[in-house]
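As structure tokens, the next two blocks hold two forms of the same chain, structure 1 and structure 2.
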Structure 1
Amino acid sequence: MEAKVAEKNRAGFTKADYAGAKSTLCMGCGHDTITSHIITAFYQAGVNPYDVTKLSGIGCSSKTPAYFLSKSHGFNSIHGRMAPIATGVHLANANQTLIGVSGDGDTASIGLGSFVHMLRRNVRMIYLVENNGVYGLTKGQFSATADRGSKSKAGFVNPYDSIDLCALALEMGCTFVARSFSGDAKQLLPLLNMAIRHKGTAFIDIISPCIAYANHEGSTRSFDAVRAANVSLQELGFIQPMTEIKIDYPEGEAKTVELHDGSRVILRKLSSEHHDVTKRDAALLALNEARARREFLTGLFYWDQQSVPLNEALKLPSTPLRDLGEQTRPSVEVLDEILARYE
């Protein structure tokens, strides 16, 4: 019997070409499920893995880039500093597809200042937060995204209000804002495919319960609590621009579409009564209303498809700065002239 030949995507790569090392995270961790979705999304999108740069900070989540896209470039920064590193990589070579994986501690605590300024600048990258509300590497203390009243595994109750990273991203001008759940492939995969093609910062807050320190009664980030409180904003689908798939169906109805790789997505054409992803104020209102109801609202909240990324806003040359060589370096005479102005 002949061995089955692995199918290649439009870039000439098999799905195995997007894999990485074996995970060392806890068995059953939602972060590993997210890794699997990232591999699938990049394979479906036909992205050349050699043209990708992976970035991370510190934490359980920031270990995951080792588990996908082993052929890509990678940079593991110090705690909370993924955002400025990503800004530098983008300005040095805007031709690279950037994907950063951070955690709720890495982004919402020590890295909060860097995070908000990266959003303001609209660095072209996919920024994922694997959000579990705890510090998994340091035995389960509450993070800044933990809900008030949530109980830790040690029995402590969180007395502080949480930081809603999606609401913060909208306030800071982020041009693509979404939230999903690690176990919801039907929702998360289309969001990742949209994020890959976005010209700006594509931020996705992914609720990913920690099975070691936040999967108990009293935790608002346990699997049971999230399933009970999760409300999907809309059904999403995204078709990569390969051979065109044409569909036509009425507003307000859903349609199942088979993609080129054999997978299926459900598209729902939103009616005027539903959420408009082009309205930032509507997204903030929906998030605030859901928060008041103590619900986890998921889906695509906002998408500015006319977004201008940082390199274009700064009018940088189309040739990456790293390839310009000595012409980007001022001469000794020019440096002396500049220094003379400050004597």
Structure 2
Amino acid sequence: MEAKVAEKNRAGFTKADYAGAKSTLCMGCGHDTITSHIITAFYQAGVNPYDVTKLSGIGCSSKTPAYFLSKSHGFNSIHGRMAPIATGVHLANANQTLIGVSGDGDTASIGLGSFVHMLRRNVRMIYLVENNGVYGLTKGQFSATADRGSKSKAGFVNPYDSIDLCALALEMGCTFVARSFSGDAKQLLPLLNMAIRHKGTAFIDIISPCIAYANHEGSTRSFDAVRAANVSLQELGFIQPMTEIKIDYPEGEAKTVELHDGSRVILRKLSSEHHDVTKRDAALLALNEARARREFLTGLFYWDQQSVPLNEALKLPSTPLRDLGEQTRPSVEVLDEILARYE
């Protein structure tokens, strides 16, 4: 029995302050594991929960923002529209850290158009897709990320090619692209910590098997199938600022990248070739090769540390737009000057 006082992070909050409501998802759902990693990552990063805004679309995954960071405002919006909703939320108050949780139906099908355009704009947000290749709430139809040849629970075989959201994100100019697996805390926690600090869209495609509709023999997204096909691009570690406590410090030949807040990212190579995360082409090549081998390649594919988020590209002031009212109204003289054109 431990009776010590709960530890506070550098923002002065305990880990419990990052918790949310009780999940209503299926027992054992990969999404709940991701939720717990999100709680841990935000606690570790020491982000003030009042400075976080949570977003989602519609679907099982989109319910999860209710299950973490209950001190943060949340917006469970409409199907496929998380990206533009987030764009508006970001521009109205660009001082907030945005985290959006979407699913493969929400992002790769109904919201695909919105998704790719948000990437072009580089809205500053963490964009997670909890990807299971299946529509859970409507009971097991294939999504657009299901693999060709995968078998549904009802026995249908998927005749279509899947959309690789990471390859798409790379094509669209996304400034932070990664893939992980819900069961891989060692990889996901460093990625989330990096995403929290990224000044642009940080996209993480998280393979999260659906235990109700895609965890059977013949499904390429069952826990067993994903574990068997999961190949990591590199090993990741993350060291929080002002502390030398290592969270995950991979052994072996490694690169260290220091971030603006003093935290450090460690990337250790796993094969003879070291994947250069600053090379978009290399990332695309790696993804295509893995796809040909029917592997789930995970890890950090691409990272542009010079990323300019939308609010900066649009030259918005440091005061959030939503706090501006009367002061935006030009003077009487300006109105006179303008109306003179119509006399």
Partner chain sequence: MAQVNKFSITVATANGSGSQSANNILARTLFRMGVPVGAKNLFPSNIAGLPTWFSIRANEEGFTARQRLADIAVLMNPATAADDFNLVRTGGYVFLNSEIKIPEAKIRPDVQLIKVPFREIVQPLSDSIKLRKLLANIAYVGVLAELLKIPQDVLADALTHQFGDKQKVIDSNLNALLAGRAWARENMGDTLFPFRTRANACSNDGKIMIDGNTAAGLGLVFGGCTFVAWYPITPSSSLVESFIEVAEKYRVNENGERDFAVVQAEDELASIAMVVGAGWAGARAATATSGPGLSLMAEAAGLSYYAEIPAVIWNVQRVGPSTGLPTRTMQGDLLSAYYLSHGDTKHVVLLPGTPGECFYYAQTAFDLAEILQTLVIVLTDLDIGMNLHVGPRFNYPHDEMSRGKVLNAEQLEKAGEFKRYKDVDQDGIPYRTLTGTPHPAAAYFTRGTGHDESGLYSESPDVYKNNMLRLARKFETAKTMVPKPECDTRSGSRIGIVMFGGTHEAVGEARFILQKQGMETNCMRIRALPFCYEVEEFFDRNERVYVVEQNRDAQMMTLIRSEMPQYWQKCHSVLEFDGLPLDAETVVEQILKVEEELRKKC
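Basically, rigid core = biggest C-alpha set you can superpose within 1.5 Å across the two forms. Residues are numbered by position in structure 1's sequence, first residue being 1. As the structure is a computational prediction, the values presented were derived from the model and not from experiment.
The form predicted together with the partner chain corresponds to structure 2, not structure 1. Relative to the superposed rigid core, the position of the CA of A16 differs between structures 1 and 2 by less than 2 Å.
Summarising the core-aligned comparison between structures 1 and 2, the C-alpha atom of V334 is found to shift 7.9 Å.
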